[in-house]
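Below, in structure tokens: the form predicted alone, a single chain.
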Amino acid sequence: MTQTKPVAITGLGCICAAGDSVVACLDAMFRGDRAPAPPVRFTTTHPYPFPVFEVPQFLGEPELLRTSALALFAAREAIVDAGLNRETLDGLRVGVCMGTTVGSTMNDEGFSRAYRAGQEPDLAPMDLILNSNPADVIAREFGFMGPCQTVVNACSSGTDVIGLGASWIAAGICDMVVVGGADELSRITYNGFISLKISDEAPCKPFDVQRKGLNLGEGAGILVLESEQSRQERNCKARAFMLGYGSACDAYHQTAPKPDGDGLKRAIAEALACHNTEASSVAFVNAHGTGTPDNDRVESHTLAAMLPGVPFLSTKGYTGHTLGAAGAIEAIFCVACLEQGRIPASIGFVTADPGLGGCPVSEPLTFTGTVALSNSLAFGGNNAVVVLGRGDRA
């Protein structure tokens, strides 16, 4: 990505297993709270119920699939957080760019079984899917008339949309872009990750020597990106600035990262170069940190090579792996931690693995730096990185 000026982040919204707002999520993480449990929204016949991070007591909206309902919930928080309403939004060129992985469109098992059996099932489930494009749902809700796009790029989707949305502002296409990611838990994705043998039967342990895999989660994270002209006209303070975005595909394997971390290295280098950010100025990294043996090994060695001595953590121990929402949620946590000048412990990590390039923080850590990185590594060899700066930095 070529970017000459920082792009302001003026609003944040989040819902996941850690909490139903940005503040609630951060409070839970600093308390060290997490409660993965067997899924309750669908059944499974596995002898061991692999734990997940479900969003509790979220009923959604009957006219929307759960993924889009989660996205809309987080978007409402972000719009309010940015000091916006329908009146202040009137006349602005506002785009929407949302990331997802499955977008809950796999929740049509009943329809599919009936169709394959030669029956003529009601088309209501298909209508629900067609009505639930996450980006379109948000655009309809707020009357946005700018570009509207949903990105499906595996687990880097929620990070990729931040870079894409920032490019729309840099190009003068939009005054403001609502970006983020959303995904719900599904029986099909749950079984799919188990079949790949990368799910843990216990709470996940990113970067720990005993790590066995990930726990799936669900949720949504939304950020409001805004042009400097729009922000100044509204006299709105930036919560943070998007300083850079990098993306690289190593095309090594369908699901595994390239062992030498080449794709991630290139993505980090590209993201830092966007605003000439020195590696030495990075205060911390919110790592992809899934808890799978390969991901944690490759990522830890890459961080040791590219950002030696920089503290890192994985927040997936609090949220589970929220797939297409992960990058957006984790970028939001970076912004909130930059504001507070501290990061929580990387929960689940207890014992160092001598085969890794380093250890995550095992206790809450305070810092004085103003820049953070958020990494996403995805199936297909996709790697995406965003560089975020504290609101008073740029």
Partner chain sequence: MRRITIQGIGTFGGFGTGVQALAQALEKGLVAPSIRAVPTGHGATELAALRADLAPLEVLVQARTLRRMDSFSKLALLGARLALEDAGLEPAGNDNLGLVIATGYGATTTTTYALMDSISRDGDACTSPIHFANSMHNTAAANISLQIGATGPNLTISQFHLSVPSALLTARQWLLDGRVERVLFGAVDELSDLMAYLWMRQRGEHWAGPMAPLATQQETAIPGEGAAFFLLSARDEVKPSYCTLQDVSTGRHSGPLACGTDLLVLGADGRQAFGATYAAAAKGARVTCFTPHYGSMPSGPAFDLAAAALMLRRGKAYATPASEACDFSATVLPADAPLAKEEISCLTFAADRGFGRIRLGGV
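All figures in this text were calculated on a predicted structure; none of them were measured in a lab. Residue numbers count along the first chain shown, from 1.
Omitted here: the form predicted in complex with the partner chain. The next part is about that form.
The candidate site formed by N85, S230 and T370 is entirely out of contact with the partner chain in the predicted bound form, as no residue has a non-hydrogen atom within 4.5 angstroms of it. F312 falls outside the set of residues with a heavy atom inside 4.5 Å of the partner chain in the predicted bound form. The shortest heavy atom separation between G246 and the partner chain in the predicted bound form is within 4.5 Å. The closest heavy atom approach of G118 to the partner chain in the predicted bound form falls within 4.5 Å. The partner chain in the predicted bound form comes within 4.5 Å of no heavy atom belonging to T10.
With the partner chain omitted here, the record of contacts in the predicted bound form names 246-254 of 217-225, 314-322, 246-254, 298-306, defined by a heavy atom within 4.5 Å. Residues N133, A135, D136, A139, R140, F144, M145, G146, P147, C148, Q149, T150, V151, V152, N153, A154 are the ones in 132-154 with at least one heavy atom within 4.5 Å of the partner chain in the predicted bound form, listed in sequence order.
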